[in-house]
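Before any questions on how it binds or moves, here is one chain, the form predicted alone, in structure tokens.
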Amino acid sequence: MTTKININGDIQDEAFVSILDHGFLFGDSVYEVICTAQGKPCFLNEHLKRLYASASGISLKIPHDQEWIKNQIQTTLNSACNPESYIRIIVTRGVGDVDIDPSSCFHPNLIILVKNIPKIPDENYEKGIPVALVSIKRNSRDALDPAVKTGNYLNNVLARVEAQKVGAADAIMVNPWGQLTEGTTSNLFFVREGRLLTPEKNCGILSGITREKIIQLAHENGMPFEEGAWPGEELLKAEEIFLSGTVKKVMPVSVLDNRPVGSGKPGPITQKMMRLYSELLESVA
């Protein structure tokens, strides 16, 4: 199992960027994470579309077109030869002066990191994970819009640290107005009275590719579904909770703030969505 790093078309086992890169100095970068299924990058077009949208959101021009990136991803996957791979695409502002003004950065760096997919314990899917509603707020859309997937993740890091202090595996954040948003690296779904619910985009979330697929599956399978704005305390009334993301896929939540969610184990709607999403990945592969 091999890690390969492609920097601007040059593939290496280990790679480095200058400490003067504004991606390092100021978190001035965008990124995407993609996983393969049977060796094929899943939902690659959707991820690349969002990568370019994120870059536009911070006025960063990606120095290559999507076809170039697709070719470099495949070349890097071929070089790594992993059974299945985690792919991280990073575009940084590039080297510049030690100043937040980006006008001194003339050459963005495009980095493709390929490694084996992180192993998540089967027990997490069988029993669910504990999460906590934390005091750290999700960024306001008027500040750093969560819809833009940047490398600036400090508020998420602090939320995860707070959650870990109370024994939780992940954090659920609300926005500055107390409305539910998402986890630190995942979208949030919950069930009330048999309806599948998820915070709407206007609450200030990064609408994940997996989130969009889950919404699609809910509609296709006649599942009662709603996007909306709910205060954080509404989550305490949830019969089921799960998180979604590229790596974790559909992750059941069995404990919220040290109290069991529903029966304390993955509920029927969560289990159905886990199955439907798994079948979707198989069909894509």
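Keep in mind it's a predicted model, so treat the numbers as computed, not measured. The numbering used is simple: start at 1 and walk along the sequence shown.
In what follows, reference is made to the form predicted together with a small molecule, a form of this protein that is not presented.
- Proximity to the small molecule in the predicted complex, taken as heavy atoms within 4.5 Å, picks out 210-218 from the listed stretches 97-105, 114-122, 164-172, 210-218.
- In the predicted complex, the small molecule lies farther than 4.5 Å from every heavy atom of residue 29.
- Within this chain, residue 153 lines the site of the small molecule in the predicted complex, having a heavy atom no more than 4.5 Å away.
- Contact annotation for residue 138: at least one heavy atom lies within 4.5 Å of the small molecule in the predicted complex.
- In the predicted complex, the small molecule sits beyond 4.5 Å of every heavy atom of residue 36.
- Interface residue among 76, 179, 185, 109 relative to the small molecule in the predicted complex, by the heavy atom within 4.5 Å criterion: 185.
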